[in-house]
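The chain below stands alone, shown as structure tokens; this is the form predicted on its own.
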Amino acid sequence: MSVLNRVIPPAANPIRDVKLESPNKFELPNGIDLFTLSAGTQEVVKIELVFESGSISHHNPLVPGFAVAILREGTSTKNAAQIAEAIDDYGAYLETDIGKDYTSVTLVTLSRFLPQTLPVLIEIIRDSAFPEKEFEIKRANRRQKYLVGLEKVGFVAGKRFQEILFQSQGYGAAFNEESYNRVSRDEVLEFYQKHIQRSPFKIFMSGFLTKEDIHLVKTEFSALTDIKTELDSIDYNSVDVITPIQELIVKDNAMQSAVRIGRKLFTRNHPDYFGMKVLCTILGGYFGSRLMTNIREDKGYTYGIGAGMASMKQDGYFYISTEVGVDVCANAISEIYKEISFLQDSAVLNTELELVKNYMLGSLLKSFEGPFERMERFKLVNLQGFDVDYYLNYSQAIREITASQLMHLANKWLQKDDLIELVVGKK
């Protein structure tokens, strides 16, 4: 029997094309699209309903969040406790979420209990009652959470950075304590009725699916006969030109300063999108990135720092985010700009570029690990108008990008004069 030589590392195999299988698609009679992906060995089913309306769908960006948060607080036949009991008794769970563009309501349940839990999911999206008492409790809690957040430099920086990027419109709509006071139950109910109750949506169903599971979902949702056939139009108030600024919000008692540096960019369909993803990863997108190596490991200015790209349906932006000690804030910002300059002036060495490429391809493969994860990847691109070839194109772009292309992108998109710089705390 041969002895394993632990000094010699195992051979590394390059990652080739990264592909994602297409889920099955069913078009229900009422216009609802149902996507199913059956995989795995655990008899668990996840059903996610996605509505194409989010926080930008109302002039007060808080209203959509209230509508989604109160969905589970009562219907015409059940109070909040009864809804929770109807789900918890079967070891299932319901969750709601809202983003800038979309609202989702998700049920995760054992396959054998789908007949008992699915009606509860349908009931809360079709018959939510928005009890006055629960609404007032939710408003008081959220207002208090907001006021607590204002004492944290990271919270203030994140909110203000969005406002600067989008000039307090659309994706960066401004809100304050008075915005919470202005939210009314009638307004929240109206949003629910218009954007959820009878609005069209997509169903993403994944897990260990049987024919009976799929048939039940098709039958139950096909029975919803009063679904609107068209989506309500949404005015995104997109702002094309942003004047870069430097802004300091002083917090006299701050021990740390929150730093945000960035600019508006573009959506996923831009030809520079994949290349900028690689560039952002090198700069600050993983633990061994240049910003982490310099500002955390070498200088010890912060516990963590990151760079990345946020992509919404109609817009996108680049950001660098960190919190540093107030006494080293100016030095940290100077080092951030130095790292950007290095990317603009010097080509990335092949060893670093290959490391980052392998990291990104490995992370992409890992994100396809289970049926829920694969459906999540599919949902992401489907909602933005792409098919599963998106990931094949992404993996090819990662493998093929060159150091000279990255240097070109750094000079094209990361000029200091084009960047917004925000500090909350002291500088």
Partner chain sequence: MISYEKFTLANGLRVIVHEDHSTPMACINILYDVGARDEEEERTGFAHLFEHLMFGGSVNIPNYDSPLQQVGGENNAFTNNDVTNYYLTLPAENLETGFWLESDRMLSLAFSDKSLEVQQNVVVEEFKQRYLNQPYGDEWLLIRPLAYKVHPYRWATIGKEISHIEDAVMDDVKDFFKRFYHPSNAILVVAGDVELSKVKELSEKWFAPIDPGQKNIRQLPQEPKQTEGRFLEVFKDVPSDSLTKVWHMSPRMAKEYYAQDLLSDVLGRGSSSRLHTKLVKERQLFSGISAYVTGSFDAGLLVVHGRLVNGVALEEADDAILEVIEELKSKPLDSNELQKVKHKAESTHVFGEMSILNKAMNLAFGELLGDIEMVNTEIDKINAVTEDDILTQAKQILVSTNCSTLFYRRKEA
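Worth saying up front: this structure is predicted, and the values here are computed from it rather than measured. Residue numbers count along the first chain shown, from 1.
There is another form of this protein, the form predicted together with its partner chain, and it is not shown here; the text below is about that form.
For the candidate spot formed by 8, 84 and 358, every residue has a non-hydrogen atom within 4.5 angstroms of its partner chain in the predicted complex.
Note that among 192-200, 214-222, 85-93, 270-278, the stretch whose heavy atoms approach its partner chain to within 4.5 Å in the predicted complex is 85-93. Of the candidates 254, 98, 71, 164, 254 is the one whose heavy atoms come within 4.5 Å of its partner chain in the predicted complex; the others do not.
Interface residue among 110, 227, 309, 249, judged by heavy atoms within 4.5 Å of its partner chain in the predicted complex: 110. For residue 159, no non-hydrogen atom is located within 4.5 Å of its partner chain in the predicted complex, even though that partner is not displayed. Among residues of the shown chain, residue 324 is one whose heavy atoms approach its partner chain to within 4.5 Å in the predicted complex.
Taking the partner from elsewhere, residue 27 is found to have every heavy atom lying beyond 4.5 Å of its partner chain in the predicted complex. Not displayed here, its partner chain is approached by residue 141 to within 4.5 Å at the level of heavy atoms in the predicted complex. Using a 4.5 Å cut-off on any heavy atom, the residues of 346-368 that reach its partner chain in the predicted complex are, in sequence order, 351, 354, 355, 358, 359, 362, 363, 365, 366.
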